[in-house]
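Before any questions on binding or motion, here is one chain by itself as structure tokens, the form predicted alone.
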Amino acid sequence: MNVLVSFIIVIFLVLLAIVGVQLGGLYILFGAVLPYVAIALFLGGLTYRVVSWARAPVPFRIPTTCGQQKSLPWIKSSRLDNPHDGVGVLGRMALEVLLFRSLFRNSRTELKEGSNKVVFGPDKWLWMGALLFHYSFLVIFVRHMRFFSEHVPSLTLLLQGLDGFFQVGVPVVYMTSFMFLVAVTYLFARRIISPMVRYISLPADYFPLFLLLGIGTTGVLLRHIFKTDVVGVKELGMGLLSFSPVASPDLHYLFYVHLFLVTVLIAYFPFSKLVHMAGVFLSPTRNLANNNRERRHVNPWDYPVKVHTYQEYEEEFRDKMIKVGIPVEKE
């Protein structure tokens, strides 16, 4: 049911864009107004989430510890799994953000068929799928920068050359376009096939996957099957940056579907689980050094409160404690 609800919503969005452009002629709405609204929601929502996370109190140092903490000089500590200084935290964060190190160490627990034995083992498929998805998405994003600048950046040209290295067909087939679709399909299939993952999956988990599949599919179709005016697309992209967009009716309607799905994804981003892109940098389980043995962590949000020490407690209830046989320090 969760899958069906998310799928119907995405299909409705696709049909909405087609009807709005083909029958309503709402080129300005889908080509200019909605992208600006989506960017405003993205920036406003992301700022709100980051500020709210940054203002949250951290009363204790709670880094995830997966190795030996630094203690005595002759005991070797784990610099990355249990960092005790900023350098270790930086290395740990770099490996986490760039290589998904914790996901690489993921394990799977399942009941072996034909027996009652529980089997533990490594699970690298999710790590491979996530790595493939994020890096292909990054390359595609950088490649699209050519639509937003008069002079194509050198990095974009370099990635285009590497991405289309095999020179398959005309126009050139980019490897990351199909790697992206394969990765998203795997992430979706994993939620459908695995009973445990399917049980905890919500519409909020399926909706962005369908959105990404729609964006990737329409992008591939526009490049290889349904031709559109690339010059017009670049004029629209540069116009959006200069606040003078020109939404041409000569562009293929599938382009507006593609743009509308991207717009929805941008607007939905700050209010979904996708915002972990920013949240990972503000996670106290990752960005704090485990130096509790070296220095006392004082919560900066603490405020002075009146405390009741044990000496005061015993002074107040000494007679009653002695009467019931509770030992006291001062007779």
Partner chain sequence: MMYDGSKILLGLVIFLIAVTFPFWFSWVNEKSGFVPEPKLPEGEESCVESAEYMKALHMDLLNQWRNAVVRDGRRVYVSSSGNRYEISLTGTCLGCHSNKAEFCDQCHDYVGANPFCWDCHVDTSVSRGEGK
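Numbering follows the first chain given and starts at 1. Keep in mind that what you see is a predicted model, and the values were worked out from it rather than measured.
Omitted from view is the form predicted together with the partner chain, to which the following refers.
Asker: Residues Ile8, Leu132 and Ala189 are flagged as a possible site; in the predicted complex, is every one of them within 4.5 Å of the partner chain by some non-hydrogen atom?
Answerer: Heavy-atom distance to the partner chain in the predicted complex: none of the three under 4.5 Å.
Asker: So which of 208-216, 176-184, 151-159, 255-263 is the stretch with heavy atoms within 4.5 Å of the partner chain in the predicted complex?
Answerer: Of the options given, it is 151-159.
Asker: Looking at Leu99, Ile193, Leu138, Val231, which has any heavy atom no more than 4.5 Å from the partner chain in the predicted complex?
Answerer: Among Leu99, Ile193, Leu138, Val231, a heavy atom within 4.5 Å of the partner chain in the predicted complex occurs only for Val231.
Asker: Any chance Trp125 has a heavy atom within 4.5 Å of the partner chain in the predicted complex?
Answerer: Because no heavy atom of Trp125 falls inside 4.5 Å of the partner chain in the predicted complex, the answer is no.
Asker: Consider Leu241 of the chain shown here, and say whether it contacts the partner chain in the predicted complex, taking contact as heavy atoms within 4.5 Å.
Answerer: Judged by the heavy-atom cut-off of 4.5 Å, Leu241 is in contact with the partner chain in the predicted complex.
Asker: Taking heavy atoms only, is Arg146 within 4.5 angstroms of the partner chain in the predicted complex?
Answerer: Result yes; Arg146 sits at the interface with the partner chain in the predicted complex.
Asker: Taking 4.5 angstroms as the cut-off for heavy atoms, does Pro171 touch the partner chain in the predicted complex?
Answerer: Residue-level check for Pro171: yes, a contact with the partner chain.
Asker: With the partner left out here, which residues of 31-45 have a non-hydrogen atom within 4.5 Å of the partner chain in the predicted complex?
Answerer: Sequence-ordered list: Ile39, Phe42, Leu43.
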